[in-house]
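Just one chain is shown here, as C-alpha cells, and it is the form predicted on its own.
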Amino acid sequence: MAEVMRSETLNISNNTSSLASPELLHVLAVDDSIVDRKFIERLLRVSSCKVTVVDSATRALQYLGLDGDNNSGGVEDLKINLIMTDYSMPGMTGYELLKKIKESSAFREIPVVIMSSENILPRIDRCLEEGAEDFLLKPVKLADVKRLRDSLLKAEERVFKNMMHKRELEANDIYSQLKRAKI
C-alpha cells in the first residue's frame, strides 16, 4: 500500500486545442483491487486524462476533503472532472461514496461513474437513481473511457459557451445602461 495516491498525466493527443489539455479532464479513480486500479489508470492515461488513484472510498473522501478532517487538502483548489469508483469495496461501497459526493455542495456536480463486475439490475438502477452518470461493467473497455471522455469534453464545452454567452449578455446590458445614462 506504498502507492495509495498517485497523480500522473500522459498526453498522447496531437490535438492542440485547449479542450484536449490533459489538465482539463482530471479523473479520480477508486478501486480496492490493485489490478483493477492499474488497469483503469492505464486506460485513462492512454485517453489523455490526468489520473489520481486511491484504494478505497474512505481515501477518496480524504482526497476530496469530505472526511471531516480539517487537515484534508484545499477543496477550493481541487479540480476533478470525473470520479470512477468500484461498487464493491470493503468499508464503504461505491454506492455509499456516490451518496456522500452527491450530498456535498462542493462536488455534487461532478459526474460519478460506478464500475462493477456484477451485472445486478437493481444495483445498477439504484446507482443511476442516486445520480450516477453511468454504470460500467468490468472489465472496463477503452471505448467506454473514450465515450466518457468525449461526453465530458462536450459538456465542458457547453458550460464554457453558456458562460461566455451569459457574460456577453451582461456586457451588452451594461453597455446599454451606460449609453442610456449619457443620453
Partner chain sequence: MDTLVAQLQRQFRDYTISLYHQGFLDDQFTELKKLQDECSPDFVAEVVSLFFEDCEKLIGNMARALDQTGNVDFNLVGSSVHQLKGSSSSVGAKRVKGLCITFKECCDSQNFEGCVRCLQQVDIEYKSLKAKLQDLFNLEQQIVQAGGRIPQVDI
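Numbering follows the first chain given and starts at 1. This structure is a prediction, so every number in the text was calculated from the model and none was measured.
One more form of this protein exists, namely the form predicted together with its partner chain; it is left out here, but the text below deals with it.
The stretch from 59 to 67, 124 to 132, 151 to 159, 138 to 146 that comes within 4.5 Å of its partner chain in the predicted bound form, counting heavy atoms only, is 138 to 146.
When contacts are judged by a 4.5 Å heavy atom cut-off, Leu43 counts as touching its partner chain in the predicted bound form.
When its partner chain is considered in the predicted bound form, Asp55 lies well away from it, no heavy atom lying within 4.5 Å. In the predicted bound form, Ile34, Val35, Asp36, Lys38, Phe39, Arg42, Leu43, Val46 are the residues of 34 to 55 with at least one heavy atom within 4.5 Å of its partner chain, listed from first to last.
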